[in-house]
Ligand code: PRP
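Given as structure tokens, the chain that follows is alone and in the form predicted alone.
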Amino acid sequence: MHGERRPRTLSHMPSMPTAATNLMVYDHPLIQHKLTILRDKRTKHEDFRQLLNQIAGLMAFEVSRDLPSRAIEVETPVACTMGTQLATPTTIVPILRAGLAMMDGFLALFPEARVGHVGIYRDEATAKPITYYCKLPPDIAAGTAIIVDPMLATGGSAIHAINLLRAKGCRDIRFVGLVAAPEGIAALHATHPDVPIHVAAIDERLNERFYIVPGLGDAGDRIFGTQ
């Protein structure tokens, strides 16, 4: 058996604070190929949505690598043997609305996962997150919660969603995004240093409108064709 391969950080990415020990950047060539198509402003919304789900599915394999598991005995048509099953329930928590486009990619890998929803919008004047909807499994704290949102810009929405899950007693929380700004990573690590961040790319910066540069535009508009 070869040694276990882990996500690698791209050498050309901006340097990050030393606190960013829970940061995983996925430089798999297939992910980067699909991400490049997503960045292209000519990509149609139906293709954008499909590609985003495909990337989410590719990332889901690594994100779920260390989910808690336990041994179980099963009987095959030939004999009894020992196998493995997930020990705790997993909940996928998309941040509405853009996070919905990553949900199916995860559910394709393990359809037994539950789905919670957190609706957050950003006040355009203050860039502060505001909750307008939150529906979570009552026992969400019993297992892993994976927050999905394509963009990690200021970090405000991700931090707000994590705060909501913490209030429900969640201990194992993971954030999965597509493109992140250094400012958002720093803010999330400063507030929740124990929450792993999984992204496909770290971009240069935020602009004056709090958009990621170069980014890929407004993910929600590009997913649903509302530009």
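So that there is no doubt, residue numbering starts at 1 and follows the sequence shown. These numbers were taken from a predicted model, which means no experiment stands behind them.
One more form of this protein should be noted, the form predicted together with the ligand, which is absent from this view; the next part is about it.
Open item on the list: Is it true that 96, 151 and 218, all three, sit within 4.5 Å of the ligand in the predicted complex, judged by heavy atoms?
Closed with: Verified in the predicted complex; spot residues all in contact, yes.
Task: Distance check, residue 143 to the ligand in the predicted complex, heavy atom within 4.5 Å - done: So residue 143 does not count as contacting the ligand.
TODO: Determine whether any heavy atom of residue 120 comes within 4.5 Å of a heavy atom of the ligand in the predicted complex, and answer yes or no.
DONE: Judged by the heavy-atom cut-off of 4.5 Å, residue 120 is in contact with the ligand in the predicted complex.
Open item on the list: Would you classify residue 156 as touching the ligand in the predicted complex, given a 4.5 Å non-hydrogen atom cut-off?
Closed with: Yes, residue 156 lies within 4.5 Å of the ligand in the predicted complex.
Open item on the list: For the interface check, one of 70 to 78, 133 to 141, 88 to 96, 105 to 113 should have non-hydrogen atoms within 4.5 Å of the ligand in the predicted complex; which one?
Closed with: Selected stretch: 88 to 96.
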